[in-house]
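Shown below, as structure tokens, is a lone chain in the form predicted on its own; questions about how it binds or moves come after it.
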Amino acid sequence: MQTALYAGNKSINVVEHTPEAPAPGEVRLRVAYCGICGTDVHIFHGKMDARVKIPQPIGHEISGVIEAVGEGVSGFAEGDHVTVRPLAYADKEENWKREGSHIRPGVKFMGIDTPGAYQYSWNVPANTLHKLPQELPLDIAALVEPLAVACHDIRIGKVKAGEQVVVLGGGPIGMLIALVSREAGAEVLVSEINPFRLKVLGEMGIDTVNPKEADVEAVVKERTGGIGADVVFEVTGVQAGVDVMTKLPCVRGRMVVVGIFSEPPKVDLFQFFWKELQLFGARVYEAEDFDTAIALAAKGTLPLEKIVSLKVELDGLQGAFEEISRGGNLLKVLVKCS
């Protein structure tokens, strides 16, 4: 069996490995597909070497089939199709006396702090699993994890039917936020500068604006009759996104920060005072967000297939990272692991 190891210095080594029996409380998965996420690209570029134990398989956006069940595991059986919510709890328990167990101390992110899914066979704690409908294609099922991110963002932003939503940034997560918002009944506008992404968004029927060609604030005012957006999602992770973010909401509008910033951005606090704005942070997901994402994926109304740009085998992972790093016309790349 093959596993792809991140070896540091922008290199991936594909080696043979022997599957191990699952420990008590674990299952062994045959990984079907694993997506490449922005975090994986950061790891490939060496920016997270302090957390990754090199050499190590990375990757966490997965679909798979249970091959073996460890002692003490109930509710799962060989042959079940599953995905993984890649948060490992030090005490093996998710229950906590407060909400937000996904960001409690001691949580490890699987595929970063522990070995990940770019391998044929992966042993994981059973309490990280979510069952998938057998009829959901396994390639589309590999999008459940990023879709759960979008579902969490929408839940934090309290998006409702009839509201005006603006998404700043039209990459895979921004696209998914736009699709889930539209599914919730909102009117959606995505701000994006990349022509390829704008084209895909248009094929999805999502309204777009290119801030290099138009004044986003003016476009939002025109769409909303001068009132402003109910919810703004900042997904760019750059200062330009923050600059426009506070200008777009209506009075008592809501903003959700999804993008990850390499440096603390400057924020126009006057807009908060003037319009009584609300700002929320959104980090990964909770169990209910996976349940929502699985239901949406199985429903089949979201054009998730349009987000998949490329599929490669495990031995093509090095080339895929290099192509993404060159800035090619790619959205989600799926790695076929088995």
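Numbers follow the displayed sequence, beginning with 1. Owing to the predicted nature of the structure, the values given are computational and were not obtained by experimental measurement.
One more form of this protein, predicted in complex with another copy of the chain, exists but is not displayed; see below.
The stretch in contact with another copy of the chain in the predicted complex, judged by heavy atoms within 4.5 Å, is 279 to 287, chosen from 279 to 287, 22 to 30, 60 to 68, 294 to 302.
Within 4.5 Å of some heavy atom of another copy of the chain in the predicted complex lies at least one heavy atom of P265. Contact annotation for G100: at least one heavy atom lies within 4.5 Å of another copy of the chain in the predicted complex.
Contact annotation: R252 falls within 4.5 Å of another copy of the chain in the predicted complex, judged by heavy atom distances. A residue is said to contact a partner when one of its heavy atoms sits within 4.5 Å of a partner heavy atom; R51 meets this definition for another copy of the chain in the predicted complex.
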